[in-house]
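In the form predicted on its own, a lone chain appears below as structure tokens.
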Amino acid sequence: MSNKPRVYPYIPNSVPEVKAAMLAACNARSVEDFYAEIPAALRMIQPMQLPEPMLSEVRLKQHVERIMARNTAANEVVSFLGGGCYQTHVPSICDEINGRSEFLTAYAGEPYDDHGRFQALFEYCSMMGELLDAEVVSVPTFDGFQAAATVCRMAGRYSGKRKVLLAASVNPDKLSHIVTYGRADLDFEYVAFNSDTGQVDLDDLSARLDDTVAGFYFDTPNYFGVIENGPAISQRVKAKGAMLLTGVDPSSLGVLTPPIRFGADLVCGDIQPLGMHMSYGGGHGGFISSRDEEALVLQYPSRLFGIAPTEVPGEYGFGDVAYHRTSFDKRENGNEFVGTAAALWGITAGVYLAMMGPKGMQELGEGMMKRLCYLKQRLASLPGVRLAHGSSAHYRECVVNFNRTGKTVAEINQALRARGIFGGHDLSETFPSLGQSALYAVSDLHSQADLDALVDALAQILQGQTA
């Protein structure tokens, strides 16, 4: 390759003069000087092994398309993957509305030019409030992980305490996010789960609760799909004066009790199941909800939209509530920095909830539980296959153990892929105590034939038959 600096048509700062101007503006003598604060252990010292640059748009497009063609999308096979991102039916009207220019181009719209988005988000928050039985619902945070991390920090600010207990049955990636985001201001401890039921170990919870605990965070249904005993957890947490912080799958609330009814102070989750496609890192948005208590509301970092009468009799307007607590107003002195949000997905979820209605959400939840019950019954009939946490009630997902089959989850998933099926998430590394187990998820897209196809394929694989 030539040593002459190459100017890339899509990267303006590859122009030497532009790069020099940017470095000068930062008082940096070189790129190495600019990145000096990043520890050497975290930096890639050697050059990346990249192909020769493609300066033509058509060649670049062909190159990327060839890479993408190596993927198999979930909608090309029968998929049982879940664990926080789900392949669900997305009504066409959701894509139609969120693709309209009024919303798609309103990412950073402000009150003086964007009344429609404020009303749409107010309607979304109102319907989420109905679903969650909550008086206050935030506009979407970046995703559900971010919402969970924020409720832990809200509990710390509200209570003035540092210690937060986390259920060990929470998605490991979510736990990692919560700890990374909160460790500067909070101390975290983990509460074990019962290996037989998959639920929070109530004895371990009681032993860790004291008057230094700000709150306890858990999910219901949890990462294993197990529905937790919310009232029993709430009774123990509240007896010690701590806050109850609960994550929930909003698609389950047509059949399950909203956590606020058993005492949750802050409820959060991800709205991806409400009308959004799986799309790599996109398609997610988090929600936070609570009762309407001023001291608690002032801990929200994100925007809250409300409604109020205007000077015109009978006319109402939509706008920000307590805007002064946000980083938009206080900059670095705000509760937390609010950067990229997911307002467009909030509007999409609002469209989904409006279309489904209470009856539709109930039917969605019932259908999910019926599918999972049927799948569990059929899986349990396979030789060597055992359902973990079999005595507990589940929603959407369950853990399937293959210890007695003599095969690993990786081997089984590879054989399933050869038959056009995506098996469950392999839990053998993230939860070694569960042995060779996988997390299987169902959705409203699965037919009885799909569930039968999975069980039949597993039976063939366990008998040693090839595809």
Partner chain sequence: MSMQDISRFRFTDGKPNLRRYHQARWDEPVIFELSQAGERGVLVPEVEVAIEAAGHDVLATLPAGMQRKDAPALPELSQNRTLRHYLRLSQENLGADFNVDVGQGTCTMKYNPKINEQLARAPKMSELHPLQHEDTVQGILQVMYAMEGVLKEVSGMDAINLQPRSGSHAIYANMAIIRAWHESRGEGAQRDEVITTIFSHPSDAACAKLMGYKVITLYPDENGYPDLEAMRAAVSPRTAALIITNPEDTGIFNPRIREWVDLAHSVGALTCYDQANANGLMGIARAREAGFDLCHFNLHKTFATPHACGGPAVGAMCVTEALAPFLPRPRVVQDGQRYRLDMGDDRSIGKVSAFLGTASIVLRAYAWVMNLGADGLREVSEIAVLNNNYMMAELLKIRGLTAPYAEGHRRIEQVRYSWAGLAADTGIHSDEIGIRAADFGTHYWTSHHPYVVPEPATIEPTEAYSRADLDEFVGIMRHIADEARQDPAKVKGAPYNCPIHKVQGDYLDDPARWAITWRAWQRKLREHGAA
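Under this definition, the rigid core comprises the largest set of C-alpha atoms superposing within 1.5 Å between the forms. Positions refer to the first chain, counted from 1. Note that the structure is a prediction, hence the values are computed from the model and not measured.
Another form exists, predicted in complex with the partner chain; not displayed. Remarks below refer to it.
Here is the short version: of Leu304, Leu205, Val385, Ala168, the single residue with a heavy atom within 4.5 Å of the partner chain in the model of the complex is Leu304.
Proximity to the partner chain in the model of the complex, taken as a non-hydrogen atom within 4.5 angstroms, holds for one residue of Ser195, Thr212, Thr105, Gln235, which is Thr105. When contacts are judged by a 4.5 Å heavy atom cut-off, Tyr190 does not count as touching the partner chain in the model of the complex. Taking non-hydrogen atoms only, Ala459 never approaches the partner chain to within 4.5 angstroms in the model of the complex.
Although the partner is absent from this view, Pro273 stays clear of the partner chain in the model of the complex, with no non-hydrogen atom inside 4.5 angstroms.
Contact annotation: Asp265 falls outside 4.5 Å of the partner chain in the model of the complex, judged by heavy atom distances. Residues of 131 to 157 lying near the partner chain in the model of the complex, listed in sequence order, are Leu131, Asp133, Ala134, Glu135, Val136, Val137, Phe142, Asp143, Phe145, Gln146, Arg153, the criterion being any heavy atom within 4.5 Å.
With the core held fixed, the Cα of Ser56 is displaced between the shown form and the other one by 2 Å or more. Residue displacement note: Glu411 has its CA displaced by under 2 Å between the shown form and the other one (rigid core superposed).
Once the rigid core is overlaid between the shown form and the other one, Ala453 does not reach a Cα shift of 2 Å, moving by less than that.
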